[in-house]
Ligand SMILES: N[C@@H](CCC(=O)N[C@@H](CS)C(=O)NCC(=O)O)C(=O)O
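So this first bit is one chain, no partners, the form predicted alone, shown in structure tokens.
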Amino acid sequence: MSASTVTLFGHWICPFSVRVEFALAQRGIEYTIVDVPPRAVRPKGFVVPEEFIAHSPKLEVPMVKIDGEYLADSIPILEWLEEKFADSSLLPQGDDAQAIVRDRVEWLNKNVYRPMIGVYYGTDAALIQESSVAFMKAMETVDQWLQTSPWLAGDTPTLTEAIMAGVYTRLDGLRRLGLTGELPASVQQHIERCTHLVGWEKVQWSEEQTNDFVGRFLKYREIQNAAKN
């Protein structure tokens, strides 16, 4: 593996940071982490590194530094890693196969992440249920992909698995925050396969992290609902 110095500015609770850390670990790229919580859960008084302020346009994680170069935003970062490191690519060979991966990355980013975020940021039971239904509807499409291959875009893990790592890590917490519905059997089997990947070892949540995640958003709901009354 390259001797490049790689630094990830991110935080475990951010699903977009999880994507990048999963990809780094899965590909065997050595990296260090600078812990920067997302703005929404940034503790009062937290000192944001000047380096992060200077190079993250939206002041949001993740951001990656490679040998003095910086890039923010998870999907561009995943592509940048593909350019910078030739080993253990998470893109298949061939333009057509790569196009499928990229199309599915964008589809997951829109159709899975939006309702997922709607569940845990939801403050109204009806809207949480609406997001839950949309999430499970998206899983029906994921199920269709998994009917033809063991991974989301072929016979080996790709960038699509990196995207879904940010979802799978928090599923137990999502259930506690109002996600309802049964995942297709193929998706449950895919989750199980993902838990055996090297990248998963770096991003999987402990029970304590799940409890922290749930507690933060229950408190958020309490504050938001109190403000309405």
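From 1 onward, residues are counted along the sequence shown. Just so you know, these numbers come straight off a predicted model, no measurement behind them.
Form predicted in complex with this ligand: not shown, discussed below.
Contact with this ligand, judged by heavy atoms within 4.5 Å in the predicted bound form, is confined among 194 to 202, 171 to 179, 25 to 33, 57 to 65 to 57 to 65. Contact with this ligand in the predicted bound form, defined as a heavy atom within 4.5 Å, is made by none of 112, 115 and 137. Residue contact with this ligand in the predicted bound form: residue 73 places a heavy atom within 4.5 Å of it. In the predicted bound form, at least one heavy atom of residue 16 sits within 4.5 Å of a heavy atom of this ligand.
Residue contact with this ligand in the predicted bound form: residue 38 places a heavy atom within 4.5 Å of it.
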